[in-house]
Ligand code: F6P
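Take a look at this one chain, the form predicted alone, written out in structure tokens.
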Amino acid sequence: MRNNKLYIVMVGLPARGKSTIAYKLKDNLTKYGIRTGIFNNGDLRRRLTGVETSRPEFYSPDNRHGVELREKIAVTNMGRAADYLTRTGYVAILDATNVSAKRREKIIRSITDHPIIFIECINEDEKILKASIQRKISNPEFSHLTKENAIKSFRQRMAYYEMLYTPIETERNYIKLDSLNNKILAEEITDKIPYWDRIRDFLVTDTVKNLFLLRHGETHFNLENRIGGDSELTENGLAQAKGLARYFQRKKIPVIFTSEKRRTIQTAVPIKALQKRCTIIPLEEFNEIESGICECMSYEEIRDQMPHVFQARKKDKYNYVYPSGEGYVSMKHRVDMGLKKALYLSSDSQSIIIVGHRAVNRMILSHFLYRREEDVPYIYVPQDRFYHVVVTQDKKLLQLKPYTL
């Protein structure tokens, strides 16, 4: 079975989505009966060293002790990966930065029993990097630091890796991947790579394990039938948020994405409070549709004061754009980008939550439902239920679920 074994070596600077891609590959390959193991240098390092590795100096190329320990960890994981393939495994994923040409050359010299393919993850979106760092510093190794010092420490760690970074260019088998957009930027395949067609397909396909899509709780503007604004939750809205928190208490939710509006964050806070470890990440891409000159007006006021606006939007709700504002058609790109960011930042999470708005959630659902454009503005998005979404290559599930207050 020699020809059916494979090493996948992840490459990339910290917080570029390497572990996200590694877990995605493992999940999908395993579903097809291809036994796959991940050998993460960071996990092994944390088990061996503890909080020492939160110090940025540990990653300095001039820190002899740190260099020797990191090399030892890399060699150990290479040995574990080789042993795994010798026994029952078919694909071993070496999940580490591997940013230096020297490290990659060592891997090539040390692993000669089966083919190797390098996957380099690239992403320079600064907002994504900031959000990725927020998630990284929630790990126990940073628990003894203030948030400010933890961010500073991780930024310095990244700077040390950047000093060593040599992009892939001469390796026999590699893919350069835009890890945010699931887009292959360059590839070179010289050898026969087992499962290659499946791996390539997995890399460019969105996979959603468990996405819970919530609309914010009831607001004061909801009671007045007003649009937009930044209204807070009513007492009933707060009760809805607490009901959601109790429902999700039985699930592990490591990250909740919201818009920047108070009503979505207020809905998320009680859910986070009943989780052991959970981060709320507001994304501007999930802000509700900007209604321009109609912002904060009720639909009745728009009908009476701006009948031309009311009638034009009624005629073609999807393509209509509010004066000085947005429409469904013009918010599609940003909402799609927000969804990509959420899936990227959720890393290896089994379950994530997005707390959005009615129009935003319709756009997210249309991404999976493939509804006709003219039907998107009428997708049912209630405040007393939520959607459960699962999308893989062989399964699509969308369920509207109730919860109790």
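From 1 onward, residues are counted along the sequence shown. Treat the numbers as computed from the prediction; the structure is a model and nothing was measured.
Note that the form predicted in complex with this ligand isn't included here; everything after this is about it.
With the partner omitted here, the stretch from 28-36, 54-62, 334-342, 351-359 that lies within 4.5 Å of this ligand by heavy atoms in the model of the complex is 351-359. Scanning 210, 236, 173, 222 against this ligand in the model of the complex with a 4.5 Å heavy atom cut-off leaves one residue, 222. Out of the listed residues 135, 242, 104, 317, 317 is the one that sits within 4.5 Å of this ligand in the model of the complex by at least one heavy atom. Residue contact with this ligand in the model of the complex: residue 299 places a heavy atom within 4.5 Å of it. Contact annotation for residue 377: at least one heavy atom lies within 4.5 Å of this ligand in the model of the complex. This ligand is not drawn, but in the model of the complex it has a heavy atom within 4.5 Å of residue 228.
In the model of the complex, this ligand sits within 4.5 Å of a heavy atom belonging to residue 215.
Against this ligand in the model of the complex, the set 263, 289 and 328 is in full contact: each member has a heavy atom within 4.5 Å.
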